[in-house]
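Here you get one chain, nothing else, as structure tokens; it is the form predicted on its own.
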Amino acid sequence: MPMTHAQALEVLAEHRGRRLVITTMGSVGIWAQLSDTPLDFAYMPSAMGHAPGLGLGLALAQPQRGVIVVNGDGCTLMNLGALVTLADNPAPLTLVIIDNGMYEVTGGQPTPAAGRVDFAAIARGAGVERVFRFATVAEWRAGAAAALAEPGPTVIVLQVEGRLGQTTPKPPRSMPEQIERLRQALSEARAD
């Protein structure tokens, strides 16, 4: 049985620890139902594909914290160069790619080469050494702790069922409020 987007994020929530989690596109609304801490950042810019860069910057600035970026396959396709950048900058960053074969929140259009793109192979080819792929929730539950155990860079590809009829989710807070909450949480972590 295929894994749902919600199941994929539920397992991630169980294993995230104290890491900062940046969500994009279709994951924003689901994650907001699972977690609401100042270390959750819903990144919904008008340009897709840039969350890995934001996550890398935060991981390099706060290596003791660790960062998880949850990116869709469509977002990943729009900035494949981010995989090379992650591989070339060792940092405590995990990129989770939600692969549903579609641009879910913009109308459900299939991504280019949907079902044929091997994001795990692309990540390995870009130089990322720690790469995992899970196609069922049972596999993901069994492997999540090990996949998330090392600091990274790590790429985890989760194959999930696409959901037609979705709309672009609204972040739980405005961008200025999210930035202030995150800034405050990261400042407090430095003081510890």
Partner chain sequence: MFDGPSVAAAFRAAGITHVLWVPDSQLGRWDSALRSDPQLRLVRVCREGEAIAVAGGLLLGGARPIVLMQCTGLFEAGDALRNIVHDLRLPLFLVVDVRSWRAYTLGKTTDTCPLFTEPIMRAWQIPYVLFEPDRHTPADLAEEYRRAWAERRAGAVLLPE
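Residue numbers count along the first chain shown, from 1. As the structure is a prediction and not an experimental result, all values here were calculated from the model.
Omitted from view is the form predicted together with its partner chain, to which the following refers.
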{"item": "Candidate stretches 142-150, 61-69, 23-31, 155-163, one within 4.5 Å of its partner chain in the predicted complex by heavy atom", "value": "61-69"}
{"item": "is_contact(Ala13, its partner chain) in the predicted complex, heavy atom dist at most 4.5 Å", "value": "no"}
{"item": "Any non-hydrogen atom of Arg18 within 4.5 angstroms of its partner chain in the predicted complex", "value": "no"}
{"item": "Its partner chain contact at Gly108 in the predicted complex, heavy atom, 4.5 Å", "value": "no"}
{"item": "4.5 Å heavy atom contact, Leu39 to its partner chain in the predicted complex", "value": "no"}
{"item": "Residues within stretch 76-99 having a non-hydrogen atom within 4.5 Å of its partner chain in the predicted complex", "value": "Asn79, Gly81, Ala82, Val84, Thr85, Asp88, Asn89, Pro90"}
